[in-house]
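Presented as structure tokens, the chain that follows is alone, the form predicted alone.
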Amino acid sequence: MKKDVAVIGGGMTIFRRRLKETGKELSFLAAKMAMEDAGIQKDDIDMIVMGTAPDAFDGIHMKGENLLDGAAGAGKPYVRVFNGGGTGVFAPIAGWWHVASGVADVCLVVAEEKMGSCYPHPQTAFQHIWDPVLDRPLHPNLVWLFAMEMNRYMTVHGIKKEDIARVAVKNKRNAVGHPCAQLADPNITVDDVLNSEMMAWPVQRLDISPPSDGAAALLFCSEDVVRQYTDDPVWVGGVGWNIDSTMWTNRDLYFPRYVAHAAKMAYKMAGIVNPRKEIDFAEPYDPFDYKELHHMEGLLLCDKGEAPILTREGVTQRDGDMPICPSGGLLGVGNPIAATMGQKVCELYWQLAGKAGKRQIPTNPRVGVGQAWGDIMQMATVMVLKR
């Protein structure tokens, strides 16, 4: 019988490019903060889940094993999961299922990424993800691939670039209240985004989240023992994941159907029938500003093409009717691939537990959804937390 699972602690390092700490040290810092937050010791932890994406970032084959000591994994059951950018929510999903199944009463999930070790740039790690016959002769990179998706999204719905730029402005301003933020900016404007360097039309430099190093950690606890640690737990309501075809040329990129499938899976488990009315805030994955809008629609929080309108009208502001990325997201806090668990699930926990500090949503939220996105525009992972 599936057990109910609670989140009882979270931790997160600062996000920066080329931090001096090793991935093992970053993992230790995040894990230590989560354990201190929950008031537990290493001996109380039954097993560890490690989330970390390409080995190429750290430059160590099987880097999950290399990170084991920093993640409190020595001498304990330990597993690494990864599916590119989706890892930021898939790692906590893996932590959930180890507790929900009864295998563990307390599971520590640590997500790490040391992107700064990849020279000359983190993009180098993605040179070998392409089909060697159909894609690689074109010498693709992620920026121009996502530029095609952004262009398709804008074209289908007649979206103006300034409506997308508002997402970058909102998130970089939201990040001002985040102690780990890399690119917080209280004064950024839409014109700043529109006047930034063109990378691959229509993507400009300030449309993109910054490469980062960092780590985050969460502690998941069974209903059987949770009262030993807290009288006001935050519960996992539902989880979902879905992956589409790797052949991105076979999909209409204007709508992320894999996100909708993953969201429906999570909502069904959480008993959510009308996500627009039953979800108080969301942390969709925002490595590019258009992706927040794309993923809002994939999460069924609005109709197709409606997300830019809601953003323009202020609905998605922290004090709006549907706060989106109150953490500052990847655009404001930073984008160490797997470690974005810090913005996407840790933030749900902190907001619901009333621990978000200057970022706290003023409306006393009760239900939040976090989502991550990975691989070649095809992987979605979703988690719903509830009070």
Partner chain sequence: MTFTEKQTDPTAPTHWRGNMQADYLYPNGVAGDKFFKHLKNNDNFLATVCPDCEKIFFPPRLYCEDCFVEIPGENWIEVPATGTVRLFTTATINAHGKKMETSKTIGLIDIDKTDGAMLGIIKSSEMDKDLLGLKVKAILRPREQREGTIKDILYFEEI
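What you are looking at is a predicted structure, and each value in this text was computed from that prediction instead of being measured. Positions refer to the first chain, counted from 1.
In what follows, reference is made to the form predicted in complex with the partner chain, a form of this protein that is not presented.
The stretch from 133-141, 79-87, 231-239, 298-306 that comes within 4.5 Å of the partner chain in the predicted bound form, counting heavy atoms only, is 133-141. Between the options A72, I188, A184, V226, the residue in contact with the partner chain in the predicted bound form by a heavy atom within 4.5 angstroms is A72.
For the options M47, A356, A38, L29, the residue carrying a heavy atom within 4.5 angstroms of the partner chain in the predicted bound form is L29. Taking non-hydrogen atoms only, T246 never approaches the partner chain to within 4.5 angstroms in the predicted bound form. Not displayed here, the partner chain is kept clear of D375 by more than 4.5 Å at the level of heavy atoms in the predicted bound form. Put simply, W201 is far from the partner chain in the predicted bound form: not one heavy atom of it is within 4.5 Å. Although the partner is absent here, K114 lies within 4.5 Å of the partner chain in the predicted bound form, judged by heavy atoms.
Taking the partner chain as it sits in the predicted bound form, the stretch 45-73 comes within 4.5 angstroms of it through a non-hydrogen atom at A56, F57, D58, G59, I60, D69, G70, A71, A72.
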